[in-house]
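The chain below stands alone and is given in structure tokens; this is the form predicted alone.
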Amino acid sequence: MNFDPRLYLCTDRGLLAGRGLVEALEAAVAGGVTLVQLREKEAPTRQFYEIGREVRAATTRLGVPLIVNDRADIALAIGADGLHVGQSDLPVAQARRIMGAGAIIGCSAKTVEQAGEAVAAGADYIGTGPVFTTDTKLDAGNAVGLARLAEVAAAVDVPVVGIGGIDQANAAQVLRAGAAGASVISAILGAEDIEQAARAVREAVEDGLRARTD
């Protein structure tokens, strides 16, 4: 499935106010989301697996890749397209060995050094952030800013996705800084109209991409 990180949605069922996750993903993809990461930090393994099966079926039907956060076992069990790991998770080289040559492997990196090590170990893309202050991911740490994002994007030859605090108002800045995409959670899933929110962020992303070529 085509890897397009322009609008990268990470899931958070806590933002859905009782709405179903599959329903939310359908609306988000209709609005322009190009990639989904299933993130379930609190769910027990069996529940994560069952959620994952439903989400995998939905993303296949919708034609967007599915990345699983952290859990290689879940990613393999549901047939996900890839795995995203952080600095304290499974090393990239081991993630690649487990997931196989055809999987999409992403890695979070706050610095040029971390990003370079991840790419050398086999990462297909880098997630850098938090670019802006975020309340969604409480362990994200201090914002690294657009300048750091630009440094990382210039230093590696794989796509870099900006993560953290990104919404319609600042997404264009992320792309102008050199990122290949923007990762969004609450600005889409916390909105009353998920499809419209996704469309607004996607338009901002496209504005940022156009600004780089003008």
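Because the structure is predicted, anything quoted here is derived from the model rather than measured. A residue's number is simply how far along the shown sequence it sits, counting from 1.
The next section is about a form of this same protein that is not shown, the form predicted in complex with a further copy of the same chain.
- For the candidate set Ala121, Ala77, Ala143, Val112, a heavy atom within 4.5 Å of a further copy of the same chain in the predicted complex is found for exactly one residue, namely Ala77.
- Annotation: in the predicted complex, residues Tyr49, Asp70 and Ser88 each come within 4.5 Å of a further copy of the same chain through at least one heavy atom.
- Contact with a further copy of the same chain, judged by heavy atoms within 4.5 Å in the predicted complex, is confined among 162-170, 39-47, 184-192, 22-30 to 39-47.
- Proximity of Arg96 to a further copy of the same chain in the predicted complex: non-hydrogen atoms within 4.5 Å are absent; the residue sits far from the partner.
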